[in-house]
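In structure tokens, the next block holds one chain alone, the form predicted alone.
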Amino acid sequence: MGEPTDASTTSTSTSTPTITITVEFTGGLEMLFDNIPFHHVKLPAKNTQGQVVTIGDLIPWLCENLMKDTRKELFVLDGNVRPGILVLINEADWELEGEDKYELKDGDNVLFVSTLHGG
């Protein structure tokens, strides 16, 4: 496995509070993200509405800023993580954490695992 990449928003100024999280892709999803399974991502602590940034904010950010593959429908469907992709937040199923409403915290680890396999 390669070294983690560092990614951050381009609009974040030094005066804007930020958080740094680790995002991981496995089960074939890493192919959509330039075959890099680990990413250290720096995000503004607040979204554009001034609320704490959530997984719901992270998903489109990943598509716009990290995804190299044009087949976004393999990761998202109707703006949500595609069925068949498990999302773990700090090793807990995101369904137990509020799914896309989970408020991201500095140091969080978000893992996306594809369970979709061809035969």
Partner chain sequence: MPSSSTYLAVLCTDDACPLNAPNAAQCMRSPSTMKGFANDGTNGLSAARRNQSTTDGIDLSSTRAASDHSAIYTPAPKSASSRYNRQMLIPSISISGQQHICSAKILVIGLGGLGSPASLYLAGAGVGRLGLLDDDEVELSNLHRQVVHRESSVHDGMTKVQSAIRGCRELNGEIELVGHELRLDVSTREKAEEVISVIEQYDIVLDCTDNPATRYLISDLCVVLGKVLVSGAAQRLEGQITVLNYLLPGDEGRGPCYRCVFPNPPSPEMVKGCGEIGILGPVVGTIGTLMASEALRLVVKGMDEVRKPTMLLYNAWPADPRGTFRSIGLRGKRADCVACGDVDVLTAKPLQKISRQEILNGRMDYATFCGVIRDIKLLDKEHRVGATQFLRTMASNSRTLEENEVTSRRKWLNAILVDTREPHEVEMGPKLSMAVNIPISKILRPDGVMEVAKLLDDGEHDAVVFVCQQGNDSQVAAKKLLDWRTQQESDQNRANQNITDSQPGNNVFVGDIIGGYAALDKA
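Positions refer to the first chain, counted from 1. Because the structure is predicted, anything quoted here is derived from the model rather than measured.
Not pictured, yet referred to below: the form predicted together with the partner chain.
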- Is the partner chain close enough to T16, K42 and V76 in the predicted bound form that each of the three has a heavy atom within 4.5 Å of it? no
- Although the partner chain is absent from this view, report whether N109 comes within 4.5 Å of it in the predicted bound form, heavy atoms only. yes
- Message: How about E30 - does it come within 4.5 Å of the partner chain in the predicted bound form, if we only consider non-hydrogen atoms?
- Response: yes
- Can P37 be called a contact residue for the partner chain in the predicted bound form at 4.5 Å between heavy atoms? yes
- Query: Does any heavy atom of Q51 come within 4.5 Å of a heavy atom of the partner chain in the predicted bound form?
  - Reply: no
- Just give me the residues of 69-104, first to last, that have a heavy atom within 4.5 Å of the partner chain in the predicted bound form. D69, T70, R71, L74, R82, P83, G84, L86, L88, E91, A92, D93, E95, L96
